[in-house]
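Consider the single chain below, provided in structure tokens and representing the form predicted alone.
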């Protein structure tokens, strides 16, 4: 694909060089700085001064001034010209002899130093000699298969090395100790210092002209077979892909990142970065192509021309304008070595951003996103394409010169709604990714506001996620946009995130009441309850508590019963105030009292009594309806009985008075139990309700945590209630037998046997008697074990005492107390099991004793 990388500008035209002499032809050229030297076929050297001129229209031309024309002593063609500016010398190859002449006046040096027998020669641009006042010259000698190396000084030459090759060399390039040679049938790399050689690839010198050119440190460009320009290092490998040029290439030059090739009809330009041919210039009769310090010069036999490279930035912009993004990026990366680092970084970022917009316009969103990220795009450049997304208060101005050619998204998509929707989905995704990264630093408000607008317009589920997380949406812009798109619930979240909870609640309540329509949440009432439950503004809770309770008592009360735990610990809501509010709402009041009594476990009589009364009133009310025993009645009665059993704080006599006259016999029994009137309670359970299981359960729960004697007392009372009945009902007898058999351990067997009628058989009581015997034997054996352990422990103490009395303790006025470190003044002392001796008063001090035990602890731990 073509790109305009160079333009051809004439430098020395025929008339300037030869006038009317038609037989004079250009044979070679050399350029050093502004000095241009031309060698001709009649033994002449022309010296021109070359000055570049840039016009305001960016047209480059050259001003050429002829400085000198010098005939050599031999009227033969000049074969090669090489300038050695450090020596002020021009090396001239003519008639197989290299002559040294002055660069300015073209006069031979007085000493007449020269090199004879040269077919062609080149300079070593990576010299190994180290002397700045000489140049290293490598020649192909007229001797067969011979290469010679010389040191050329200002007024003398010195041969350094003579190297022999296996075939006749045709062309040579040199780098350090390495020679790249075109032999008759192949290219080779030869280290003239070690003699090591490396074959590269074959070619035929008879079929095509060899090209050997040094293009960089330890790297060469060669004309390979099949019209390939091959790159080779001194190690004999290629680190770049070859370029494809003409089969009949005559010459090659390097102007990074391009390789320029010359054939009989064209000049072709090839990229070293992607190996593509970038430009073709028609150029007939060309036979010389060389590069000199960045200048590429091409010549016919009659004139000299310069290939002027266009600035790389312009080339890149041309490629971008043609939407050739990949080529532009490859060229931009390759330009790194030619541009100062800071300037390159600025330029490259902008190129990436431009490329991103090109890919974006082609709906290549993945590629665009990567380019935007790599180019560190100010994301507002992208947002500004979308009408009305940037806040009205944003100070953003688009980059100048612009990064793209589009006014807005409508122009970019040409009104195509499907494309526009895809672009908006991409922006949503991209903004969501970058909003929490450094890309959004400094303008988070613009990013979040734009994202909110996109979500609202698209009815996207992430709108709520954005608003409930930390965000920087601007209130004024965002509120108007949400209202426009009827996103009232989201608008409430926006108010909340900006600390305007009152406005949020007011709006949500309008939605629940049907004043405005928004179906975002079908459970908005429950959401408001949860919101107020966690709300720290208690005034708002009180303000809207009535509304909540009016709509749903059982759910509305959650604002008081499900407060955060830290608030519960602080008792931020006075229970009495809450109950005053709930008096009009009986269901809520019950729920709240259950919360205080059962969950918070507040130990206040009035709350327990109030809850019991409410349960009782509800039970009595449900019973008065004379309907079937409903589930609600069963549930409420169970709650009442549970509260009466588990709580000890309610006013039992008060509740009992309220129950009297009703058929709530179980509740009466529980209340009598709380009043320690167990005989009345058991009478109700046994003779009124005839619920023997409940009677046994009564004895169990009433004796919890009150000891075995109390428990036995209750069970004996229950047994007496069975046995002392005025009517010897069979079911009471069986209940008594079952009681004895199932609770044998809870009775005093000897006392029970005295109470039982003589008519009861042993077989009837076999389970009870077996259990009683087992319990008695178990108790006796446990007592014997405890006694034995006590005796053993006592014996151990006695043994320890005897052992301690057996040790002698020597006390003198030199012995020190281990606690206070002072001597003993009286024979009284305390001795620890580890042998430490202390004063009696030191041992008596508890703190000191603690320290002593810490420092002088013994295995037994006793004194």
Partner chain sequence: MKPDGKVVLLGDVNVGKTSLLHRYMERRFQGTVSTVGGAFFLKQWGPHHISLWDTAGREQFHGLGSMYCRGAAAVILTYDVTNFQSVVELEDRFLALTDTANRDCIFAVVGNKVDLTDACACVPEAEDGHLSEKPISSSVPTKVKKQVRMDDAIAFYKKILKYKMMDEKDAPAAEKMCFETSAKSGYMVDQLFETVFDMVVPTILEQKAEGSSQTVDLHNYKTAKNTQPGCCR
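Worth saying up front: this structure is predicted, and the values here are computed from it rather than measured. Numbering follows the first chain given and starts at 1.
There is also a form predicted together with its partner chain; it is not shown, and the following applies to it.
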Position in contact with its partner chain when the complex is considered in the predicted complex, options 111, 662, 126, 239, heavy atoms within 4.5 Å: 239
Among the candidates 295, 244, 712, 486, the residue which, in the predicted complex, approaches its partner chain to within 4.5 Å (heavy atoms): 244
Its partner chain in the predicted complex reached by all of 198, 201 and 226, non-hydrogen atom within 4.5 Å: yes
Contact test in the predicted complex: residue 232 vs its partner chain, heavy atoms, 4.5 Å: yes
Interface segment, criterion being heavy atoms within 4.5 Å of its partner chain in the predicted complex, picked from 595 to 603, 648 to 656, 218 to 226, 308 to 316: 218 to 226
